[in-house]
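Quick heads-up: it's one chain on its own, the form predicted alone, in C-alpha coordinates.
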(Lines give C-alpha, C1' and ligand atoms only; values in the text may rest on other atoms or scores of the structure.)
Protein backbone atom coordinates (compact mmCIF):
# COMPACT_ATOMS: atom_id res chain seq x y z
CA UNK A 1 0.00 0.00 0.00
CA UNK A 2 1.40 3.37 -1.03
CA UNK A 3 1.72 6.14 1.53
CA UNK A 4 -0.27 9.33 1.02
CA UNK A 5 1.81 12.46 0.58
CA UNK A 6 0.20 15.79 1.50
CA UNK A 7 2.36 17.61 -1.06
CA UNK A 8 1.04 15.38 -3.85
CA UNK A 9 -2.51 15.90 -2.66
CA UNK A 10 -1.89 19.65 -2.81
CA UNK A 11 -0.54 19.31 -6.37
CA UNK A 12 -3.64 17.36 -7.36
CA UNK A 13 -5.91 19.92 -5.69
CA UNK A 14 -4.20 22.87 -7.37
CA UNK A 15 -4.24 21.18 -10.78
CA UNK A 16 -7.89 20.18 -10.42
CA UNK A 17 -8.96 23.69 -9.43
CA UNK A 18 -6.99 25.25 -12.27
CA UNK A 19 -8.25 22.84 -14.93
CA UNK A 20 -11.85 22.87 -13.74
CA UNK A 21 -11.80 26.67 -13.79
CA UNK A 22 -10.40 26.59 -17.33
CA UNK A 23 -12.29 23.63 -18.83
CA UNK A 24 -15.29 23.02 -16.61
CA UNK A 25 -16.05 19.79 -14.81
CA UNK A 26 -16.66 17.79 -17.97
CA UNK A 27 -13.47 18.96 -19.68
CA UNK A 28 -11.17 18.33 -16.73
CA UNK A 29 -10.77 14.58 -16.84
CA UNK A 30 -8.88 12.66 -14.16
CA UNK A 31 -6.09 11.93 -16.65
CA UNK A 32 -5.74 15.62 -17.52
CA UNK A 33 -5.70 16.53 -13.83
CA UNK A 34 -3.07 13.87 -13.16
CA UNK A 35 -0.90 15.12 -16.01
CA UNK A 36 -1.21 18.75 -14.85
CA UNK A 37 -0.36 17.67 -11.28
CA UNK A 38 2.65 15.68 -12.45
CA UNK A 39 1.34 12.40 -11.04
CA UNK A 40 0.00 9.20 -12.52
CA UNK A 41 -3.79 8.84 -12.79
CA UNK A 42 -3.56 5.94 -10.31
CA UNK A 43 -2.05 8.31 -7.74
CA UNK A 44 -5.23 10.41 -7.69
CA UNK A 45 -7.17 7.34 -6.61
CA UNK A 46 -5.01 7.06 -3.48
CA UNK A 47 -6.63 10.29 -2.33
CA UNK A 48 -10.06 10.21 -3.94
CA UNK A 49 -12.46 7.36 -4.73
CA UNK A 50 -13.54 8.89 -8.04
CA UNK A 51 -14.00 12.24 -9.75
CA UNK A 52 -17.22 13.05 -7.90
CA UNK A 53 -15.53 12.36 -4.55
CA UNK A 54 -12.55 14.50 -5.57
CA UNK A 55 -14.67 17.43 -6.70
CA UNK A 56 -16.89 17.32 -3.61
CA UNK A 57 -13.92 16.95 -1.26
CA UNK A 58 -12.16 19.89 -2.88
CA UNK A 59 -15.28 22.01 -2.66
CA UNK A 60 -15.76 21.27 1.03
CA UNK A 61 -12.08 21.94 1.75
CA UNK A 62 -11.94 25.17 -0.26
CA UNK A 63 -15.28 26.48 0.96
CA UNK A 64 -14.31 25.76 4.58
CA UNK A 65 -11.05 27.67 4.06
CA UNK A 66 -12.93 30.56 2.46
CA UNK A 67 -15.40 30.75 5.36
CA UNK A 68 -12.61 30.47 7.94
CA UNK A 69 -10.80 33.30 6.19
CA UNK A 70 -13.97 35.38 6.21
CA UNK A 71 -14.41 34.81 9.95
CA UNK A 72 -10.80 35.72 10.81
CA UNK A 73 -10.70 38.47 13.41
CA UNK A 74 -14.47 38.78 13.70
CA UNK A 75 -14.31 37.79 17.36
CA UNK A 76 -12.45 41.05 18.01
CA UNK A 77 -15.41 43.13 16.89
CA UNK A 78 -17.74 44.53 19.54
CA UNK A 79 -20.94 44.54 17.51
CA UNK A 80 -22.61 42.02 15.25
CA UNK A 81 -22.67 44.51 12.40
CA UNK A 82 -18.94 45.03 13.03
CA UNK A 83 -18.38 41.26 12.83
CA UNK A 84 -20.21 41.08 9.52
CA UNK A 85 -18.38 44.14 8.18
CA UNK A 86 -15.06 42.49 9.11
CA UNK A 87 -16.15 39.22 7.46
CA UNK A 88 -17.20 41.23 4.41
CA UNK A 89 -13.80 42.97 4.19
CA UNK A 90 -12.08 39.62 4.65
CA UNK A 91 -14.19 38.19 1.83
CA UNK A 92 -13.13 41.08 -0.39
CA UNK A 93 -9.47 40.42 0.38
CA UNK A 94 -9.93 36.71 -0.37
CA UNK A 95 -11.65 37.45 -3.68
CA UNK A 96 -8.66 39.54 -4.69
CA UNK A 97 -5.94 37.22 -3.40
CA UNK A 98 -7.51 33.84 -4.29
CA UNK A 99 -10.02 34.37 -7.12
CA UNK A 100 -9.50 30.81 -8.38
CA UNK A 101 -10.99 29.39 -5.19
CA UNK A 102 -14.09 31.56 -5.48
CA UNK A 103 -14.49 30.65 -9.18
CA UNK A 104 -14.22 26.94 -8.38
CA UNK A 105 -16.73 27.18 -5.53
CA UNK A 106 -19.16 29.15 -7.67
CA UNK A 107 -18.87 26.67 -10.51
CA UNK A 108 -19.41 23.80 -8.07
CA UNK A 109 -22.43 25.52 -6.57
CA UNK A 110 -23.98 25.78 -10.02
CA UNK A 111 -23.27 22.16 -10.92
CA UNK A 112 -25.10 18.88 -10.25
CA UNK A 113 -22.29 17.88 -7.87
CA UNK A 114 -23.74 20.00 -5.08
CA UNK A 115 -26.99 18.07 -5.03
CA UNK A 116 -25.12 14.91 -4.02
CA UNK A 117 -23.54 16.55 -0.95
CA UNK A 118 -25.30 15.91 2.34
CA UNK A 119 -26.68 19.26 3.57
CA UNK A 120 -25.21 18.71 7.03
CA UNK A 121 -21.68 18.85 5.57
CA UNK A 122 -22.41 22.26 4.07
CA UNK A 123 -24.21 23.43 7.23
CA UNK A 124 -21.15 22.51 9.31
CA UNK A 125 -18.94 24.77 7.19
CA UNK A 126 -21.34 27.69 7.50
CA UNK A 127 -22.16 27.21 11.19
CA UNK A 128 -19.90 29.99 12.60
CA UNK A 129 -21.37 32.49 10.12
CA UNK A 130 -24.89 31.19 10.73
CA UNK A 131 -24.37 31.84 14.45
CA UNK A 132 -23.56 35.50 13.75
CA UNK A 133 -26.70 35.90 11.64
CA UNK A 134 -28.78 34.09 14.28
CA UNK A 135 -27.47 36.49 16.94
CA UNK A 136 -28.27 39.45 14.68
CA UNK A 137 -31.81 38.19 14.26
CA UNK A 138 -32.19 37.48 18.00
CA UNK A 139 -31.12 41.06 18.77
CA UNK A 140 -33.59 42.44 16.25
CA UNK A 141 -30.84 43.81 14.01
CA UNK A 142 -31.98 41.92 10.94
CA UNK A 143 -35.35 40.70 9.73
CA UNK A 144 -36.23 37.05 10.26
CA UNK A 145 -34.87 35.39 7.14
CA UNK A 146 -33.57 31.94 6.32
CA UNK A 147 -29.80 31.96 6.82
CA UNK A 148 -29.10 31.30 3.12
CA UNK A 149 -31.17 34.36 2.13
CA UNK A 150 -29.56 36.64 4.72
CA UNK A 151 -26.03 35.43 3.90
CA UNK A 152 -26.55 35.79 0.15
CA UNK A 153 -28.10 39.24 0.58
CA UNK A 154 -25.06 40.50 2.50
CA UNK A 155 -22.18 38.69 0.79
CA UNK A 156 -23.59 37.90 -2.65
CA UNK A 157 -23.41 41.46 -3.99
CA UNK A 158 -19.67 41.61 -3.32
CA UNK A 159 -19.05 38.38 -5.22
CA UNK A 160 -21.12 39.61 -8.15
CA UNK A 161 -19.47 43.03 -8.23
CA UNK A 162 -15.99 41.51 -8.08
CA UNK A 163 -16.80 39.35 -11.11
CA UNK A 164 -17.21 42.55 -13.13
CA UNK A 165 -13.51 43.34 -12.74
CA UNK A 166 -11.63 46.61 -12.24
CA UNK A 167 -12.39 47.83 -15.75
CA UNK A 168 -16.03 48.22 -14.67
CA UNK A 169 -15.43 50.44 -11.65
CA UNK A 170 -15.32 47.72 -9.00
CA UNK A 171 -15.14 49.30 -5.55
CA UNK A 172 -11.61 49.24 -4.20
CA UNK A 173 -11.17 52.05 -1.69
CA UNK A 174 -12.20 51.50 1.92
CA UNK A 175 -14.91 54.14 1.51
CA UNK A 176 -16.35 52.48 -1.61
CA UNK A 177 -16.27 49.09 0.07
CA UNK A 178 -18.02 50.47 3.16
CA UNK A 179 -20.71 51.99 0.96
CA UNK A 180 -21.31 48.67 -0.76
CA UNK A 181 -21.40 46.86 2.60
CA UNK A 182 -23.90 49.37 3.97
CA UNK A 183 -26.12 48.81 0.93
CA UNK A 184 -25.95 45.04 1.45
CA UNK A 185 -26.60 45.42 5.20
CA UNK A 186 -29.71 47.51 4.54
CA UNK A 187 -31.11 44.65 2.48
CA UNK A 188 -31.45 42.55 5.65
CA UNK A 189 -31.62 45.19 8.42
CA UNK A 190 -34.73 45.28 10.58
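Residue numbers count along the first chain shown, from 1. In this text the structure is predicted, and so the values were computed from the model without any measurement.
Missing here is the form predicted in complex with the DNA; even so, the following discussion is about that form.
No member of the trio 74, 81 and 90 reaches the DNA in the predicted complex with any non-hydrogen atom inside 4.5 Å. Residue contact check for residue 45: one or more of its heavy atoms lie within 4.5 Å of the DNA in the predicted complex. Contact check for residue 141: no non-hydrogen atom falls within 4.5 Å of the DNA in the predicted complex.
Heavy atoms of residue 159 never reach within 4.5 Å of the DNA in the predicted complex, leaving it off the interface. The DNA is not drawn, but in the predicted complex it has no heavy atom within 4.5 Å of residue 62. Residue in contact with the DNA in the predicted complex (any heavy atom within 4.5 Å), chosen from 57, 152, 127, 40: 40. Between the options 132, 67, 36, 30, the residue in contact with the DNA in the predicted complex by a heavy atom within 4.5 angstroms is 30.
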